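In the block that follows, a single chain appears as structure tokens, in the form predicted alone.
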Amino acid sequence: MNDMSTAEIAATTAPAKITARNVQVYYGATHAIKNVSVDILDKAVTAFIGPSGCGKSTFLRCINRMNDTISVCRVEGKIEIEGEDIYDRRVDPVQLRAKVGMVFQKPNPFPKSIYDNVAYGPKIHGLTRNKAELDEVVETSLKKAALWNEVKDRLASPGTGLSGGQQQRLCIARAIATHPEVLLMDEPCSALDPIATAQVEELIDELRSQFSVVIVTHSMQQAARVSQRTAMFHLGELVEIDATETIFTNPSHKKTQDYITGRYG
């Protein structure tokens, strides 16, 4: 379990990077998220845990408006990133998603070269002025994703030719290439073997020095290893959020206690 350093204890009193207030999500008549209010801190990993179907991925997708792509989905309430209401109609969801990177459960590299996978976001968002700048962003992103040394001699090869763990790290490099402020990860290790999982977890721990990271995980061990704060969801409600160590050793709610001791889930 991650012991909280002095810096992390200070971070828990730092201003929130993301604030959500009274968030409700409906899929047609189904009330999937019920009145969730939460503060998510910068430069820290926040884990969302809870049984399958409890709303943790649905809430995660609210933070970069991925639910906008589902016609029957309706989101109410307020979510702000550094004080900006991301659901304000003047906010362009495409620009928002450059600021809020996302890594999915199954590695999903584009059917392009390793280089073009990482260069794609900076290109479409006009973040680089020339090839030299783009080369630098690609190299820096792959280094941050702990993949550069493995792929630097085959950047023109297809991303889909990499191993599962390498593909997931490529997707992380792609997500951070647009210099996001927030990195969302939806079960990023569930399709990976234990060695690749350990590599991605190590990477998550390194990335938190630069980003606000939010991870949905089914693995309580993973939440304990990589996060500083943990939020417990149950039936669309946020049961509690606290320092990870507190959640796992002294939770406030019986539902959390029952979940982490394996009574349901």
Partner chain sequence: MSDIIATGAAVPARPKNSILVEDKLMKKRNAAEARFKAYGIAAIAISLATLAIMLWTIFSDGVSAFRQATLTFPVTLDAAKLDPQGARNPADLVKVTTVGYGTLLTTAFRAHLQEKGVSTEGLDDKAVGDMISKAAPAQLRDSVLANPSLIGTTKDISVYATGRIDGFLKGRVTMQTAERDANVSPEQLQLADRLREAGILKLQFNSGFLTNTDASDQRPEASGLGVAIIGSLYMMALVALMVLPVGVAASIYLEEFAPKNRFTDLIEVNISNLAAVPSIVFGILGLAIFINFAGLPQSSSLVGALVITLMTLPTIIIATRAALRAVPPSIRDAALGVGASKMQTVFHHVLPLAAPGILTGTILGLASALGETAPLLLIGMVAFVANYPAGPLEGGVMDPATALPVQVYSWAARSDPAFIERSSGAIIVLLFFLVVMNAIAILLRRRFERRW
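Nothing here was measured: the structure is a model prediction, and the numbers come from that model. Numbering follows the first chain given and starts at 1.
FYI, the form predicted together with the partner chain isn't displayed, but the following is about it.
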| property | result |
| --- | --- |
| Options 27-35, 232-240, 198-206, 49-57; stretch whose heavy atom lies within 4.5 Å of the partner chain in the model of the complex | 198-206 |
| Single option in 125, 154, 78, 74 placed near the partner chain in the model of the complex, where near means a heavy atom within 4.5 Å | 125 |
| Residue 178 within 4.5 Å of the partner chain in the model of the complex, heavy atoms | yes |
| Contact test in the model of the complex: residue 192 vs the partner chain, heavy atoms, 4.5 Å | no |
| 4.5 Å heavy atom contact, residue 140 to the partner chain in the model of the complex | yes |
| Contact label in the model of the complex: residue 255 to the partner chain, heavy atom within 4.5 Å | no |
| Heavy atom within 4.5 Å of the partner chain in the model of the complex - qualifying residues of 74-94 | 81, 82, 84, 85, 86, 88, 90, 91, 92, 94 |
